[in-house]
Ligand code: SDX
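Given next, in structure tokens, is a single chain: the form predicted alone.
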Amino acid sequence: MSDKATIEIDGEKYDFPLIVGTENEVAIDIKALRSITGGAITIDPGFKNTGSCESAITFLDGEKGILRYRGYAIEELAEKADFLEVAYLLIFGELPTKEQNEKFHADIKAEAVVDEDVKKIIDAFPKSAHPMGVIASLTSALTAFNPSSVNVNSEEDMYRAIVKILGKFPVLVAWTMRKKQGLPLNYGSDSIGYVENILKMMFEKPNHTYEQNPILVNALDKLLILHADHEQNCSTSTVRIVGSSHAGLFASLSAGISALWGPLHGGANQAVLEMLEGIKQDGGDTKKYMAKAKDKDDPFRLMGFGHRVYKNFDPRAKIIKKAADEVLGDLGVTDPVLDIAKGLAEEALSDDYFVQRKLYPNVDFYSGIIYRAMGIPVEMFTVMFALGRLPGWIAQWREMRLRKEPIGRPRQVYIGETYRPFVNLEDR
């Protein structure tokens, strides 16, 4: 392969170096394009073909259905690691030793308390407020309670900020849900694990001792791992570009949460359940809706099938389908919406139309089913996505700052009016 690419503009040729990643991805380095051509830029709406950075965190091959964190296959991590091990790996680059893992757990637990004044902020929200708006606001508000900026040149300072947000964020997630349900805002316990604490804080009733269900703990642990990072998606790119202005960690994370809120991104699993509810209200005929999905003239969209990036299969869906089966089997939930979901999945996996087009159930489809079965309200689904994505966002922010990346500043091609003289008001 050549080590350069040539672009010709108005008969003039310009050479640009090629960058090859460790997995043989090829990129044309055009950062000098505008200066050496006298103003030419590229245009790539949605940045579908534009690399915004070089990153050592996550490798994704959509054509082959590969997802790896720091070189480790997602299948192995989901089977052999727990969420905080994966968080440590993403953020610091290596799986923790036993001593590092124990310290990480202990340091996070020590930060699992938030200022009581945060409750006043939560109380100011009406119950009608969407949980994503609440959690974005609370994350940003943490800056007010921790006003000193992170010294990115100090590993100790950086580490302290990381364990602080990992400790406090689950509390904010649980409080967001409990506020909407009218339940008291509680804390977890320092005698149980990270994921166990999340479930305890979310579901413990004031007059009832919460008992852990290992199948639910395992399913939630896997869901968080599978959502922990996904390369340069919309919310991750947002965290990096906001952080590139040297905005603080909490402010950058809050921006990522807001980006995740959109139905085309993190809201997909909520859209799945809303679709299933709609099918139920229309009589629950899955065959009717599979036919509608195949009809190009029908506006109905089958949510939770196929993936914008994975052109073959979503490797995360294979892992979480098993957990979904275990949760539904253990809980013995009787829910017509979940029955519809199972019916759609079975039909899609055996229908030639969907098989040929590789429109398999994706991770959003199965995550929605699990959260529904666990008793998590549908409007909290995207908040749970944010909880899983938190270590990935932290890792991306940290990498961007340590690499001293320049402030993000995309260009544009102006298509508005050319110069025109101002017309006084009385003459218009």
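Start at 1 and count along the sequence shown; that's the residue number. In this text, all values refer to a predicted model and were calculated from it rather than measured experimentally. Rigid core (definition): largest C-alpha set, two forms, superposition within 1.5 Å.
What comes next is about the form predicted together with ligand SDX, which does not appear here.
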Taking 4.5 Å between heavy atoms as the contact cutoff, choose which of Lys200, Lys180, His230, Lys321 touches ligand SDX in the predicted complex. His230
Here the chain is shown alone; which of Val195, Ala293, Val163, Ile279 has a heavy atom within 4.5 Å of ligand SDX in the predicted complex? Ala293
How about Gly188 - does it come within 4.5 Å of ligand SDX in the predicted complex, if we only consider non-hydrogen atoms? no
Closest heavy atom of Thr382 to ligand SDX in the predicted complex, within 4.5 Å or not? no
Going by a heavy atom distance of 4.5 Å, is Val363 a contact of ligand SDX in the predicted complex? yes
Is Val173 close to ligand SDX in the predicted complex, meaning a heavy atom pair under 4.5 Å apart or at it? no
Tell me which stretch of 26 to 34, 368 to 376, 399 to 407, 384 to 392 has a heavy atom within 4.5 angstroms of ligand SDX in the predicted complex. 384 to 392
Quick one: which residues from 44 to 62 get a non-hydrogen atom within 4.5 Å of ligand SDX in the predicted complex? Lys48
Is there a C-alpha shift of 2 Å or more at His307 between the shown form and the other one once the rigid core is superposed? yes
Verify the C-alpha shift of Ala386 between the shown form and the other one: is it 2 Å or more after superposing the core? no
So, does Lys292 move by 2 Å or more at the CA between the shown form and the other one, with the core held fixed? yes
